[in-house]
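Only one chain comes next, encoded as structure tokens, the form predicted alone.
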């Protein structure tokens, strides 16, 4: 049985196995109790299980007296933008994002449009485990109704925020792969608003994802093969909820999702100077960018909620994660793939340089990612092993913001215990791929030898 993964920000599981209707009803009931019967937005992606799970979540919200505005199929960034715009107490998103087919999740959003803050999330978890759910009688039930005209305010705000005039003058052609996910119904109005000629691949909503939904170079090969024949200037590979994006250059090169954040953040900093906030295992490309711009760089634990909290605490200008995510608080408090796409196109238009040149201007680092499975509870003991042995990076500078990281002159290695499954995630970065791989393997061996 695949384990149900609970956190203060939501839950995820394998549909029909660990992610049952009972789990969804109870978790949504806990959030409804936390929301105390106020207005809540509800949205879902296109996965075959999402409509069923959304119906369960909607029923739980109504049973607790909430006024529910149902956005139907809706990308995560548009839902999150719509929460404060509609004066809602929060939102529930049913959607797997970058998770593989068969998995699904419930994601909780707070009243500011950011992921529910950790303290509030812990309260929801307490209600869930205690089964302490608010229930209303027949004369106190809430109601569920379709949300209306929620796209126009988002597009208006997006086009105001971006330098759309320059993008329109450039006459770009772009290829988009939304993996048959929640972005599909929104691509035509989005690209019209940006003034670009767009060709969609996997652009029809589908209950069965057309590819691995994680936007990484290995999943971009079909899109990359079409770039030159179709004369496209840029390609954008989305996660199924449109919160993450990786890029393909006009030359047909799929590039690391780490570069998505670097290019978008650089353009955001050309508009406004201020702190940059990323998680503690984001590529050093961001360190280089912050240093070049002369702005502070703040690193947080992994997760959108932590990055958004850091942006709020530090009055940050731009933030994100190396998974292909970017957030600009002046626009909204969400990881937004559409905003990222707009910033990349704006950078191309304003500079007059092709995407390949923007990519080429970044210092190339090589990232290697590994996982090591341990018994439940053993993951944290594995980190103790690494703190003691520090193979291949004994003289580096240690950091324990989230797990254990060591920085050396040419790169770093980071290990973090998963919060939801019994394994350790190891990421190694260096200017030399062979070095990055060797360090990652050394940390893996150190853990395995101690198990």
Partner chain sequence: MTAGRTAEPVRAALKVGISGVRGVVGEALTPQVAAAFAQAFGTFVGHGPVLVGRDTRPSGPMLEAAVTAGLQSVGCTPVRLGRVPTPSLLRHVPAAGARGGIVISASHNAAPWNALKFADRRGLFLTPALAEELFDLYHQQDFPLAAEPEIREPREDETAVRGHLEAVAAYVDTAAIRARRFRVALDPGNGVGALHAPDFLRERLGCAVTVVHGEPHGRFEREPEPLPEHLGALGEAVRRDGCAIGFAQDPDGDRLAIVDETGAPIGEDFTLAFAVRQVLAAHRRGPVVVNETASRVIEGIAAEAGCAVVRTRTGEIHVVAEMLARDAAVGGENIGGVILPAVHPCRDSFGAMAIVLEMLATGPRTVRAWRDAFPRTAVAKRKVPVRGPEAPAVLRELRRRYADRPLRLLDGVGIGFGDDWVCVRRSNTEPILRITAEADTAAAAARLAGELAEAAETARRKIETQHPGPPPRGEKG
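Numbering follows the first chain given and starts at 1. Keep in mind that this is a model prediction, so the values were computed, not measured.
Missing here is the form predicted in complex with its partner chain; even so, the following discussion is about that form.
Chemist: Please run the contact check for residue 103 against its partner chain in the model of the complex: heavy atoms, 4.5 angstroms, yes or no?
Modeler: Output for residue 103 is yes: heavy atoms within 4.5 Å of its partner chain.
Chemist: Looking at the partner-bound form in the model of the complex, is residue 383 within 4.5 Å of its partner chain by any heavy atom?
Modeler: Taking the distances in the model of the complex, the answer for residue 383 is no, it never comes within 4.5 Å of its partner chain.
Chemist: With heavy atoms only and a cut-off of 4.5 Å, decide whether residue 398 touches its partner chain in the model of the complex.
Modeler: Taking the distances in the model of the complex, the answer for residue 398 is no, it never comes within 4.5 Å of its partner chain.
Chemist: Is there a heavy atom of residue 141 no more than 4.5 Å from a heavy atom of its partner chain in the model of the complex?
Modeler: Yes, contact at 4.5 Å.
Chemist: Pick from 59-67, 422-430, 384-392, 404-412: which stretch has non-hydrogen atoms within 4.5 Å of its partner chain in the model of the complex?
Modeler: That would be 59-67.
Chemist: Is any part of 27-46 within 4.5 angstroms of its partner chain in the model of the complex by a non-hydrogen atom, and which residues would that be?
Modeler: The stretch 27-46, when checked against its partner chain in the model of the complex, contributes only 29 at the 4.5 Å heavy-atom cut-off.
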